[in-house]
Each structure stands twice: as C-alpha cells, then as structure tokens.
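Only one chain is included here, represented as structure tokens and corresponding to the form predicted on its own.
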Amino acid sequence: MSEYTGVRGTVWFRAFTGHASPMIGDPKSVLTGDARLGSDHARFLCVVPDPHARFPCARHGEVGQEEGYTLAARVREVVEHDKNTIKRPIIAIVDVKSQAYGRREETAAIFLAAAAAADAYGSARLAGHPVITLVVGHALSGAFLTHGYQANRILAFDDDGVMIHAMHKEAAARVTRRSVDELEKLAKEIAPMSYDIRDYAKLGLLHKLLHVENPEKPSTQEIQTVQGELGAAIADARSGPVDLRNRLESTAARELRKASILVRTKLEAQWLE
C-alpha cells in the first residue's frame, strides 16, 4: 500500500478541467471548476494539500473548517443555479488524508463545517443532481464523509495507492489493541477490516473499480476512458432513485452485508410500529 502523496487529486482535476487553481476567494486547498463531460457540463471539486493553509492541521491533504465550508458553498451554488433547469452533475475527486485533528479545529467546531459539506452533497443528490465520486487515492475517516461519501455512485481506481477506510492502520491497531501485523492478518478474514480496495468493493458500496496503469501520470486514452465511465455513472444515477438504497441492494451487499441489512429491516419495522 503506497503512502499518501496528495498529488493525485490535482492530477485528475487538471485532466478533467484543464486547470488546477481555486476559484476567486476560495482557499488554495479546494479546487472547483466547471467543464464538459460528455453531453453534460459538470462541476468538479477536489481537496488538495496547501502547505500554507491558515489551519496547521489542514496543510497536508486533510479536510478542515475552510475546506468543509468551501465545499458546501460551491455545491449549494450549483443547486441554487440549477433550481429551475437541468440538474448538472457534480463530480467529487477524492484523495484526502483525513479530517483535520487539532484543538483549533475542535474549538472552532469542525463538525459543523463537515456537516455543512455532507449536507450540501446530500441535498444536491436529493434535488436531482447526479453526484458522482471518483476515488483516485486515499479516502479516509471524516474527510471522506465530508467530501464524497454522499454520492449517488462511487467509482475508485483498482490500485494499491487507493484506500477507503474509517481510520489509518496505526489508529485502528490502537483502537482494537492489536499490532499492525495482527490487524493485517485479521483483515484477510474480515473484509471491512481490510485496507485493500478490492476487499472494500466486496461490500457493495462501489459502483465500479477502474484500472489506470499509473494514476499519477495517466495517458490521454486513460483519461478519456475514465471520463466515459463517469458519464456512464451519471446516466445510471439519473435512471435510479436519489437515495442510497443501491448500496444495500447490490449483489455484493446482499452477499456480504446480510447482517447489516437484517438489522436495518428490524429497526425500520420497530420505527413503523
């Protein structure tokens, strides 16, 4: 599993939009751009490292206050603009290290910034915007919940540098009171514990795994192929419900998440009593 470098988001944002700069007034850590995607005009969003960010704990690819509120503003901007017209796609390009951990962040209520972004993405989806996430690198912890997890469809690269998980290995080892080696052995038996993107795909949460030879230096043909897959995901999202039931109704989910589905069914029955 390769280490987080923080370059993949910028590489793919530039590949899709032709530039890699923030909008006027936005922090340098949030890239927003509008570009053609097939027959659509889509909005692309990406969080990238900014070594000079105002909050020290959000300088290396983390999602903090400024990132959360900026994402929320740029997503809601699209929802408001498209209120009475065709709902354009919103594409979240994801390579995020984690949420920003720090006393400053907690004091300034990072949870509100994170909730604002998650709510904006969810509201856009419910309003009819196809929200598509492309995981090109790391998608960890609260950062992924803030940026990307509310999508109609999630795509990811089938690559060792891609990781989707609730926490870093070292943190998971401390929480479970195991060594990293023990954790890795356990992951071979319990898919949700694994850091392998192929195991994550077995949970039924991904729409599709995509192959790119080198995600940090994609070829023109690979970029076009990924654009085509994004277009297909947009069409699929538009043809389905705006909620996230597909994550539980997929073939993989019905096989590996039987207990989760059963618990949800029983909770729903109790709620309706």
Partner chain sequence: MSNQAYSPNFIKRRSFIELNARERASVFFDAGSSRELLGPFDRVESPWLPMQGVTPQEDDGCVVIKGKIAGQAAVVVALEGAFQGGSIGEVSGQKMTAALDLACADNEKGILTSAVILLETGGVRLQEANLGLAAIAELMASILALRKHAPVICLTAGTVGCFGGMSLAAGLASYVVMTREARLGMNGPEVIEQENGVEEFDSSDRALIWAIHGGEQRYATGLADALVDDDTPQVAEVIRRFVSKGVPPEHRSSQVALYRNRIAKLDTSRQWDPKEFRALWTTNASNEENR
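Residue numbers count along the first chain shown, from 1. A quick note: this is a predicted structure, and the numbers were derived from the prediction, not measured.
Although not depicted, the form predicted in complex with the partner chain is the subject of the following passage.
For the options P27, G33, G231, P49, the residue carrying a heavy atom within 4.5 angstroms of the partner chain in the predicted complex is P27. Residue in contact with the partner chain in the predicted complex (any heavy atom within 4.5 Å), chosen from R198, H81, K185, R178: R178. Taken together, L112, G122 and I164 are fully in contact with the partner chain in the predicted complex: each brings a heavy atom within 4.5 Å. Contact check for S260: a heavy atom falls within 4.5 Å of the partner chain in the predicted complex.
Interface membership of A116, defined by any non-hydrogen atom within 4.5 Å of the partner chain in the predicted complex, is confirmed. Among residues of the shown chain, C57 is one whose heavy atoms approach the partner chain to within 4.5 Å in the predicted complex. Proximity of T107 to the partner chain in the predicted complex: non-hydrogen atoms within 4.5 Å are present. In the predicted complex, Y69, T70, A72, A73, R76 are the residues of 69-90 with at least one heavy atom within 4.5 Å of the partner chain, listed from first to last.
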